[in-house]
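The form predicted alone is given below as one chain in structure tokens.
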Amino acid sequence: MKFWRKEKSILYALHPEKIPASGARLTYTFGLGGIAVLASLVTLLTGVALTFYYVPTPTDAHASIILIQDVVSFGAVMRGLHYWGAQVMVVAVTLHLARVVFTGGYRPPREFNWLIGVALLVITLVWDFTGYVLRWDDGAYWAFLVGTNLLREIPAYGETIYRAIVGDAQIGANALLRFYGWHIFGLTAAGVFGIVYHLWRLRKDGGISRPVLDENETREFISRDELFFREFITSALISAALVFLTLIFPAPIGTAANLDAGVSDVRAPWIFLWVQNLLRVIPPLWAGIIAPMFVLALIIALPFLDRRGPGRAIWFARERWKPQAILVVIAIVLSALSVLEVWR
């Protein structure tokens, strides 16, 4: 008796019967979308395991992580896979959106799915930040304090938004519990729904973008079996890489947060180092609110600067130079600010 039949497998059924070979080339997609989905799945499953031991209170949060790390069987492995899965997810989602820009994959009718992808990037970054806060070590606490206080800089409604998110007039037990709830329920639900809808919308819009053929050209296809096999091999390699990172580079954890001590040399999570650098030179409202919103608005607008013409599904097509140039400038500026912050 067979315990698994591919024709009855949910994963198998999610794949189209055949897809154009041009859209399945490794050098076209680099499998970044699939890697992001796999990393999110690893992060989700390991996160569920960690909830059995994590205690979301200021007095016990850090101690419960130490318990997971040093006492619980395979606890360090679970936490390492959770940590590295989250980092790979952030990198994969970011590079996936960049790939879409550099290949013109946002062209009609895919503009709406581009917006869903940008929303998933935002969810991923906030998801990562809330998970960072739950460590409740010195770095996490001060990043939490600075990050939430930026909300107070919003004119007119800043204090209201701050209290709604933090749950109190200052950082404490309510804030930690609220961020724990958002991390394991709110953002998880939004992320899972967004991923499923994003994949469904991709199928509805005709699959991965592909070059327009000339009249005399015929399109080559690969079967669902071939696509599934490629994804299986990629998943195995990425899973092995996550295990390797977990064993060689354990998930970091600092000393327990000391709310009475002053701020020492504390860095923001690596994804927000550029914001921390800006906070040193310009007012908090501009550095922590206006600048990130401006960058996000530029990214959202990219498809609407390039809606027609040649160059679809071609890497670095000259006809699509405007959105590509904008994205390169954004990447260079944010990377430079982050590197400068590391060197301080």
Partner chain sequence: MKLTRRDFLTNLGYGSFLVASGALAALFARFLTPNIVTPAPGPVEIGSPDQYALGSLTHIENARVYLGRDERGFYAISAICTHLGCAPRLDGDEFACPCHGSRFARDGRVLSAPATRPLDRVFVGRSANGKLFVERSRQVDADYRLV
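Positions refer to the first chain, counted from 1. Keep in mind the model is a prediction, meaning the values are calculated, not measured.
What follows is about the form predicted in complex with its partner chain, which we do not show.
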Is residue 100 close enough to touch its partner chain in the predicted bound form, meaning at least one heavy atom pair within 4.5 Å? no
Hey, in the predicted bound form, does residue 301 get a heavy atom within 4.5 angstroms of its partner chain? no
How about residue 196: is it within 4.5 Å of its partner chain in the predicted bound form, going by heavy atoms? no
Contact with its partner chain in the predicted bound form for residue 52, defined as at least one heavy atom pair within 4.5 Å: yes or no? yes
For its partner chain in the predicted bound form, the stretch among 151-159, 270-278, 135-143, 67-75 with residues bearing a heavy atom within 4.5 Å is 67-75
With its partner chain left out of view, which of 305, 296, 45, 282 would have a heavy atom within 4.5 Å of it in the predicted bound form? 45
Considering its partner chain in the predicted bound form, which of 185, 200, 232, 249 comes within 4.5 Å of it through any heavy atom? 232
